[in-house]
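Quick heads-up: it's one chain on its own, the form predicted alone, in structure tokens.
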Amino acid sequence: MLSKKLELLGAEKHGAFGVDCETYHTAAAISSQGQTGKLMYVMHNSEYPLSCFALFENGPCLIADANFDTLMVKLKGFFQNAKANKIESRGTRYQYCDFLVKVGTVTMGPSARGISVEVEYCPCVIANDCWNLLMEFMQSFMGSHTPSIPSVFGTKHDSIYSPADTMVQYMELFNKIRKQQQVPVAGIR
């Protein structure tokens, strides 16, 4: 439905995109020393094919080259892959004037878990400067499902928006979807 609305507005398809995320947790040897286990998310984005993003739970975002995955294998004594926890969003890129819109299906394993919508106003690099314009554009095809201002904007204020900020938002979305799947379905008939 979103894709149809975008096309009715005049948006043109411009290829595909993909964002994936694998979760790593601290190894048992580290956790047993009295430290609480930490999570690290290793992410890839087709918009940045030569980069790999490592986001630490409540911490910084490391941007490395694409070979970072190989390094994670060598760090298995410190970080272990949380199997069956890979989540990704894949879909279509649309161009509408100065806006780039990516509508994707979020999947965990073989099943679809949700929809992601990424909207970028290409001429602006200070996110807070164009938030009202982004909201107005999103309302034109998302209606009442238009999101509120992302938390990453609150910490950025007047600084330049970066690819790491996009990856933080994807991580937040993926974690929200993971948590929704963990809620027990009781009392539904």
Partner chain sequence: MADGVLSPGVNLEAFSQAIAAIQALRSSVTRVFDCLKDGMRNKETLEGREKGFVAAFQESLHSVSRDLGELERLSNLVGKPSENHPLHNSGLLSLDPVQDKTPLYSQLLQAYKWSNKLQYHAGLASGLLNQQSLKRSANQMGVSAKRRPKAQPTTLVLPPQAGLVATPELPILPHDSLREGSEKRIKDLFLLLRYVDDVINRIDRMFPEMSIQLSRPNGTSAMLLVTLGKVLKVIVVMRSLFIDRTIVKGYNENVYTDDGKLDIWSKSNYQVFQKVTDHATTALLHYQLPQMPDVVVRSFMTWLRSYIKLFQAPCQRCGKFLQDGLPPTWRDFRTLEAFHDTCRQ
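Keep in mind that this is a model prediction, so the values were computed, not measured. Positions refer to the first chain, counted from 1.
There is also a form predicted in complex with its partner chain; it is not shown, and the following applies to it.
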item: Any non-hydrogen atom of Gly154 within 4.5 angstroms of its partner chain in the predicted bound form; value: no
item: 4.5 Å heavy atom contact, Cys97 and its partner chain in the predicted bound form; value: yes
item: Proximity of Ile149 to its partner chain in the predicted bound form, heavy atoms at 4.5 Å; value: no
item: 4.5 Å heavy atom contact, Phe141 to its partner chain in the predicted bound form; value: no
item: Residues of stretch 120 to 139 in contact with its partner chain in the predicted bound form (4.5 Å, non-hydrogen atom); value: Tyr121, Cys122, Pro123, Cys124, Val125, Ile126, Asp129, Cys130, Asn132, Leu133, Glu136, Phe137
